[in-house]
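This document starts with one chain, in the form predicted alone, laid out as structure tokens.
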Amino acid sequence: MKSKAIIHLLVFHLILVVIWEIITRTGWVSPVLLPSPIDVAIYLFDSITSGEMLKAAWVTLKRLLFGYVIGIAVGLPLGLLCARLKCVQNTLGVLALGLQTLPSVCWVPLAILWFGQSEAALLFVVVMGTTWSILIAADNGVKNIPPLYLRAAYTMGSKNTHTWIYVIMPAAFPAIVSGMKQGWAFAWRSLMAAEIYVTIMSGFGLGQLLHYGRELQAMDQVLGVMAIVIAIGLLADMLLFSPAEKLLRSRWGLDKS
């Protein structure tokens, strides 16, 4: 991210914090419902220095990454299969479109009934929240390849597997990366919903901290956990997805420069 963009981002968030502080100081909203930024900052400092927040974030990230990788491993080949075979598109492809519209929290009761209060239940929800967006992105990415690419490849003698590896996959890769970014967002939402309802004594994640903050009416904890989730999401985008998209735009000649 350029330095100018970072300055804009910092100034924007500083203005939001100032407005937030003004609202809490004037008493427009009860402190029980909206604590001051200072109270939230104190909670974050205490929870981070005590190790509670870092431990919860690590537990959540492990669950997230494991389920996300499985979702990619399942969704990507299924998406390519949908793009390749019409019968699969008419069956699995239609099912994927329907399941994609299903809120992730809807999988939680089913996961609890099948797997109980266990890590498997959390993993199931994350995988189901990730797989379908990856599948649809891979399917659409292959279908939206300009026909000229394929005709040129066939003219030069490319066939079957060679065409898929050297023509179709590279051309569809930008759409697949966008789907992976969307899948990451869905994985986060799925895991937060699952951790709120599935209680595992062996490891408390950010979702559990969020839930306990609600139970104790500790809004500083609720807002602090939300801030950590947002921060992790922004860091993942800055360190992984944005550089990958920038590299792809440069590689495919899509940069304005």
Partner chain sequence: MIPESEITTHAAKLQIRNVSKRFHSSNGITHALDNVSLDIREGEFVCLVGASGCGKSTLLNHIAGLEIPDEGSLQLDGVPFSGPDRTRMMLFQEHALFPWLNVIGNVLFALKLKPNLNDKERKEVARYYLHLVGLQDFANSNIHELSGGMRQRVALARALAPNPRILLMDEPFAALDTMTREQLYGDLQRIWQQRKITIVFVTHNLREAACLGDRIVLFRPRPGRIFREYPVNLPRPRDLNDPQIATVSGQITQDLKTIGKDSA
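Residue numbers count along the first chain shown, from 1. Source: prediction; values computed, not measured.
Although not depicted, the form predicted in complex with its partner chain is the subject of the following passage.
Contact check for Arg84, Asn90 and Gly98: none of the three has a heavy atom within 4.5 Å of its partner chain in the predicted complex. Think of it this way: in the predicted complex, its partner chain has a heavy atom of just one of Leu123, Leu80, Ala185, Val167 within 4.5 Å, and the residue is Val167. Proximity of His13 to its partner chain in the predicted complex: non-hydrogen atoms within 4.5 Å are absent; the residue sits far from the partner.
Residue contact check for Trp114: none of its heavy atoms lie within 4.5 Å of its partner chain in the predicted complex. Of the heavy atoms in Val142, none are within 4.5 Å of its partner chain in the predicted complex.
In the predicted complex, no heavy atom of His8 sits within 4.5 Å of its partner chain. In summary, the region of this chain contacting its partner chain in the predicted complex, judged by heavy atoms within 4.5 Å and restricted to 175-183, 103-111, 68-76, 146-154, corresponds to 146-154.
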